[in-house]
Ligand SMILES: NC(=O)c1ccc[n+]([C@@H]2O[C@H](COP(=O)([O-])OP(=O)(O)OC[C@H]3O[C@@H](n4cnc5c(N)ncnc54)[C@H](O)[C@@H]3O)[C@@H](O)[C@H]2O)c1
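One chain is shown next in structure tokens, namely the form predicted alone.
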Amino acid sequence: MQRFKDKVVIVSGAGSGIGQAAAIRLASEGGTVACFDVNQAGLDETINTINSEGGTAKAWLCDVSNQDAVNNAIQEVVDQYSQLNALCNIAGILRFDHTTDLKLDDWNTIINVNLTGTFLMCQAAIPHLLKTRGSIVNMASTAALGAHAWTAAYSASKGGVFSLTKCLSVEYAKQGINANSVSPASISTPMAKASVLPEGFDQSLLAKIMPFDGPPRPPSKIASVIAFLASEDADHLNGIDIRADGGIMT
């Protein structure tokens, strides 16, 4: 498939995990991919992989929680490529804490990256997406849809992303933009592997976030959903959330 031939897509969080897999998938379908992340080594890995497979991508070192950095990076993408067809907001951070132990600085960091970062990226990209009747794909989570222990900040941030996406889908529908979200679970990513459960956690509560039928799936399983929602195949979908969790919330 070449659904993204002659199209330009921004992917945040492209230095690892789902963002990296999404960037590679979009490039494999012919897209020119602008890869945003704060992890230069991860960005280099993503770009090298895409280039080695014959794709087209360029890296931008960008903190999505910094408004000036976001505005400047997105403007540079449009200046270089003259258009923007899709925005995929994948950048995010996760930590587990007993809610009574959660430090305000940690709360603010998670909200600033996951929720405010998604807002800032959308705000800067929408004027350019209006010109191409483009797509927005935001990364929500099953933590936004159901109860996850020890993730007060993360769940709140992803609930905000879920609601923000619906707001944008209505506000810009008549102007040609479609905005949708994905709620993954049970995906093996560096972020998930690096997150440590809080001391003294209740083992029985883990059943809420574990898959039914084996080990977590690779990020490529979510990348395929992102590619679909960012493509013209999904141009009649607007304001929906695709729950890609192996059925654990069913």
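Everything numeric in this text was worked out from a predicted model, so none of it was measured. Quick note: we count residues from 1 along the sequence shown, nothing fancier.
The discussion below concerns the form predicted together with this ligand, not included here.
Looking at the partner-bound form in the predicted complex, is Tyr154 within 4.5 Å of this ligand by any heavy atom?
-> Yes, Tyr154 lies within 4.5 Å of this ligand in the predicted complex.
Quick one: does Asn238 come within 4.5 Å of this ligand in the predicted complex, counting heavy atoms only?
-> The answer is no: Asn238 has no heavy atom within 4.5 Å of this ligand.
Classify Ser16 as contacting or not contacting this ligand in the predicted complex by the rule of any non-hydrogen atom within 4.5 angstroms, answering yes or no.
-> Yes, Ser16 is a contact residue.
Indicate whether this ligand has at least one heavy atom within 4.5 Å of a heavy atom of Leu197 in the predicted complex.
-> No, no contact at 4.5 Å.
Taking this ligand in the predicted complex as the reference, which of Ala34, Ala223, Cys62, Ile50 has a non-hydrogen atom within 4.5 Å?
-> Filtering the options by heavy-atom distance leaves Cys62.
Does each of Val38, Gly92 and Ala140 have at least one heavy atom within 4.5 Å of this ligand in the predicted complex?
-> Affirmative, all three are within 4.5 Å.
Since the chain is shown here on its own, which stretch among 98-106, 132-140, 173-181, 72-80 would lie within 4.5 Å of this ligand in the predicted complex, judged by heavy atoms?
-> Of the stretches listed, the one contacting the partner is 132-140.
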